[in-house]
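To begin, one chain is listed below as structure tokens, in the form predicted alone.
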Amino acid sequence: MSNYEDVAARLRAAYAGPALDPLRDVLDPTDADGAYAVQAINTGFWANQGRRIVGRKVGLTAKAVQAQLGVDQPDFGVLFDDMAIDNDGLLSPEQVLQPKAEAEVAIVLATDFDHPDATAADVAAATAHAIAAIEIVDSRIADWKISFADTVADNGSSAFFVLGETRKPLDGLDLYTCGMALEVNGQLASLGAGAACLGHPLEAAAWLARTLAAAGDPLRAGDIVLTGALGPMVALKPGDRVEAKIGGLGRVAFRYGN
């Protein structure tokens, strides 16, 4: 078993706990190629187990977070069908280790999209609609002591996602200045705006499209793209009810635990 395959197996096992120490024994903190190789091993393993890929998530869209991890680029992870939680649905504490929630703009593609030079305008032309979303991130690395390589190898620190019920065409939407308010148990917990996501949510989606096209694994019609956090993530505790409201897109919510 190669070192990458060993790390991939360790990460898969850690979904049931306990969380792992940082992966420094195999991956340098900024080793993008090695980290994506580990992610690809697990993506293939899970697909062979019957999990269906339904899209991608973009992470590290805030410049401050990139600087904290010593990189100058976002990252991405894979979304599987069994990661979706119904709007106003329930997430069990048994399904996660150390979850956090963040509000995002999701888009759904209307067409296949293989553009190595994609722009935000190209993405807009290929988009069926936008949706308010909450991503529940989690880490299989203990205490969230992650490097760039740790989070990439760990499928972008992904866990689950929730989509709202309102689908809006992009025409007439202002995803740059749209405000976001995320509440936990009715109390404001995070504020943000579209511009906080790599300058614009569609810029984040364009980065993803270029990256995947260059890798020969382009986005497809029907894919969901979580474009990145609009504001700070919020740690969860059992019993929390989380609701996000995004200007022009409406609301999305879930419960964690009881």
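Numbers follow the displayed sequence, beginning with 1. Computed from a prediction, not measured in an experiment: that's the story for all the values here.
There is another form of this protein, the form predicted in complex with a small molecule, and it is not shown here; the text below is about that form.
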Checked 219, 206, 224, 60 for heavy atoms within 4.5 Å of the small molecule in the predicted complex; positive is 60
Quick one: of 40, 54, 193, 65, which gets a non-hydrogen atom within 4.5 angstroms of the small molecule in the predicted complex? 65
In the predicted complex, segment of 143 to 151, 83 to 91, 123 to 131, 167 to 175 with a heavy atom within 4.5 Å of the small molecule: 143 to 151
Taking the small molecule in the predicted complex, would 137, 156 and 229 all count as contacting it (heavy atom within 4.5 Å)? yes
Residue 189: heavy atom within 4.5 Å of the small molecule in the predicted complex? no
Using 4.5 Å between non-hydrogen atoms, is residue 69 touching the small molecule in the predicted complex? yes
Regarding residue 232 and residue 64, go with closer or farther for their CA spacing in the predicted complex versus this form, the difference being 3 Å or more. closer
Which is it in the predicted complex for the CA atoms of residue 181 and residue 63, closer or farther than here, knowing they shift by 3 Å or more? closer
